[in-house]
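Before any questions on binding or motion, here is one chain by itself as structure tokens, the form predicted on its own.
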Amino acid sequence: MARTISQQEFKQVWRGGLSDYVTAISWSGAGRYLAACSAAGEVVLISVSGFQSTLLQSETGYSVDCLAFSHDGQFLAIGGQAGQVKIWSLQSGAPELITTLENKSVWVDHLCWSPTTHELAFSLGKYVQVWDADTQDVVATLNFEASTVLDLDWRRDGKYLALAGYQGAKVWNTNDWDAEEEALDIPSATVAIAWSPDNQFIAEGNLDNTLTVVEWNNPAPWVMRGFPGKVRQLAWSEVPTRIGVPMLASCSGATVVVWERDRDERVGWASRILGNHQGVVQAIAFQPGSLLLASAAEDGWVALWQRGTRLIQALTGAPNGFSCLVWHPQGHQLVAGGLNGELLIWSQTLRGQGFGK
């Protein structure tokens, strides 16, 4: 049962900053550490206990565009304009740079760790390499062929890796990298891809202003149309709705649309438009363990939506706009990065049953 929501539910508890546009943020699996990177090349590691920060990399003049912790928080990887993939180990408590993978003349703008192993997938133009932190070897090189890889995502059980680009997506079986991949074809290009937490669906945000949802092992996809532009970001809820299917959020331009699976097969997915943003929405994410949705936009607002319907709180702190946001794995804190390098953490100030399943 939902409880009454206070307008002061989240309160700012920390503020820091980088020298340029914050390009990516990541929490470690247990939430002990927070990492952030910038368009100037900085990478900072923040210990949430006391908010002590360690500069892992100073400004280089080459943007760092992606970073992520391994599922258990033992490793941190970054990639960017310089073509390098750097990996730090945090197993001893202090960060230690253990390898730098050189990829000259190729911009590394997507990377993602397996949810179950220490395998890291990262894009290299039309290819994706999979590198194992335990053996420190490349275990697979995947050829997307049709175009540059525009996004990638592992299924939550680690059994499949999906790559997105021109003409849709391709899915590899991680137990047999040499097996033929499965193609999820569309007549345009897929720029964002996301597996649902229950492993049943793949959502594809497409360049032709459509959203495709594929039920795994079902050849007939749902295609949603009418977006004002390409569908740039996707987010699934961990919590299912009343019929047992996760909620899906998508954004295109300044518009956020929330999708909920309908019991009626003729309806498929019912939509709700959240239209309060006045600038391009850069990031969306559901709070772990609830149906509270956060959206961050270039209008300088982070909006919190109860059950993906009603605006309950608006957070500020980046006057020229926000670029990214991430929830703490336990859901009680939210961090967002700004276009001018702002880093802000808000904490949930009241306790209760959550934001209404």
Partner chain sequence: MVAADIPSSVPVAVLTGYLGAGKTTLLNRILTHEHGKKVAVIINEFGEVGIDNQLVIDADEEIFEMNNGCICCTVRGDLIRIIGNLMKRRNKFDHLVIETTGLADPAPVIQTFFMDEDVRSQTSLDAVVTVVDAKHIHQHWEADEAIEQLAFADVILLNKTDLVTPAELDELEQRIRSMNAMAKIYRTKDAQVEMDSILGVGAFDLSRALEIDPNFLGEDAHDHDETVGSVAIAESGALNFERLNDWMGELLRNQGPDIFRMKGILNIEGEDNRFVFQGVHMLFDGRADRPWKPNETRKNELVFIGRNLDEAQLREGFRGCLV
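In this text the structure is predicted, and so the values were computed from the model without any measurement. Residue numbers count along the first chain shown, from 1.
If you look for the form predicted together with the partner chain, you will not find it shown, but the lines that follow are about it.
The partner is absent here, but in the model of the complex a heavy atom of Gly229, alone among Gly275, Gly244, Gly229, Gly268, sits within 4.5 Å of the partner chain. This chain appears without its partner; in the model of the complex, the one residue of Gln81, Ser89, Asn103, Gln129 with a heavy atom within 4.5 Å of the partner chain is Gln81. Candidate site formed by Glu9, Ser114 and Leu304: none of these residues places a non-hydrogen atom within 4.5 angstroms of the partner chain in the model of the complex.
When the partner chain is considered in the model of the complex, Gln333 lies well away from it, no heavy atom lying within 4.5 Å. Residue contact with the partner chain in the model of the complex: Leu207 places a heavy atom within 4.5 Å of it. Of the heavy atoms in Glu260, none are within 4.5 Å of the partner chain in the model of the complex. The partner chain is not drawn, but in the model of the complex it has a heavy atom within 4.5 Å of Ser188. Exactly one of the stretches 284-292, 307-315, 29-37, 59-67 approaches the partner chain in the model of the complex with heavy atoms within 4.5 Å, and it is 59-67. Contacts between stretch 99-131 and the partner chain, counted in the model of the complex as any heavy atom lying within 4.5 Å, involve Trp107, Asp109, Lys126, listed in sequence order.
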